[in-house]
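Given next, in structure tokens, is a single chain: the form predicted on its own.
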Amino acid sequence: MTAVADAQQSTRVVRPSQARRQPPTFYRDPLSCLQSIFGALVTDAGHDPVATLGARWEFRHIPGDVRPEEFYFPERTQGDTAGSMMPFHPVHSAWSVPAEDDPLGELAELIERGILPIAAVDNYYLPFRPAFHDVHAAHLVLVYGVDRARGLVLISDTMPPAFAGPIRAEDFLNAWGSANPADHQDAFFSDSGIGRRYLSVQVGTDWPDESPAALAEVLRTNDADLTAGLAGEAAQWTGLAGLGRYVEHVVDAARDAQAGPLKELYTFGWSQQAMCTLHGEFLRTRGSQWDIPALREAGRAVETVAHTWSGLRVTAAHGWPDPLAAADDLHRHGTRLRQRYENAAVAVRRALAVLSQPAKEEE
């Protein structure tokens, strides 16, 4: 290899890779890092994150699938978290693990191609997180730059306290490759190896129409899934019937003094609470925008479901060390949650009837 070629290769190696701009942030209080980062990427692509993330409303529990990670989500399509969360939009994701010899190089290559990788990390090693050198917990951050010459990685984290900027590559690699050992200070998001995983997200261009008629089709699909029954020992517990089975499962486990299902409830429930939060805001804001009172009321009803999740999740979080003592409270909160889901489903059907009315008149 000539001296000129050597110099060119050296230039390629040390040249920093960085997104054209700092990624936007998106956050709502009941959301986890997963919804927040997906929302940031949707915003960066020029689309409404609430309309995109909030279109889908369902209940889905996959027995045996819940993992102690803040970003756990029960996938409708296995391996495609974004597609499972946003099935009405052209957004898809896939998990990967980089080659061992140059892990930062793989992230840099993605950034050069316009794809911002979402890295799984352990909060314990991130200097900007309150858990720094204190608590192990699985988390997600958006990587928007790699400067190997200066030993820096540019990170965006929308979860409070929000952060965007450089950290030492050493700190990032420690967080990204952490074993995330069991930590008594965080029983819900520790004891789950990070393994240098990252999510790559593809946001397509074939974006659906946003109109009352299009929303009616979305609500019709959601309602069909919510009201569908369960067939025998279903692998996934879905809809209102699945919710009923899940609540009974958690209460029965507590009465049998089983701590595991209560610890899982706090993690799993976050995914469902976030979904209700976003769907409720979506319906409520569109109801105001289009002056459709029934749609506003449906949004408020779904947001009430989101708030009701807090009681069940917090009871499980505090009750898992003594499940039997928490059983009655879990039953009370679970019963209320089922009622709120049913009430919200009725309210959404009323809104659907109003949205469908113009089409019927035109016929």
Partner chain sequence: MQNIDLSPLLDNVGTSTTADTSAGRFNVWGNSFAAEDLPAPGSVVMVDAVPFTIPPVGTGAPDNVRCAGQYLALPGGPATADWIHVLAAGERRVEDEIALHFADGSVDFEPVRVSDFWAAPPAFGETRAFATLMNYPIHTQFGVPASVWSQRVPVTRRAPVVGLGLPRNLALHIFAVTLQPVAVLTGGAVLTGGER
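Positions refer to the first chain, counted from 1. What you see is a predicted model, and the numbers here were worked out from it, not measured in a lab.
The same protein also has a form predicted together with the partner chain, omitted here; what follows describes it.
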{"item": "R60, R56, H333, R296 - the one with a heavy atom within 4.5 Å of the partner chain in the predicted complex", "value": "H333"}
{"item": "Non-hydrogen atom contact E112 with the partner chain in the predicted complex at 4.5 angstroms", "value": "no"}
{"item": "is_contact(D134, the partner chain) in the predicted complex, heavy atom dist at most 4.5 Å", "value": "yes"}
{"item": "Non-hydrogen atom contact G204 with the partner chain in the predicted complex at 4.5 angstroms", "value": "no"}
{"item": "Partner contact for Y198 in the predicted complex: the partner chain, 4.5 angstroms, heavy atom", "value": "no"}
{"item": "Location of the partner chain contact in the predicted complex, chosen stretch of 82-90, 241-249, 96-104, 188-196 [non-hydrogen atom, 4.5 Å]", "value": "188-196"}
{"item": "Residues in 248-273 close to the partner chain in the predicted complex, defined by a heavy atom within 4.5 Å, in order", "value": "Y266, W270, Q273"}
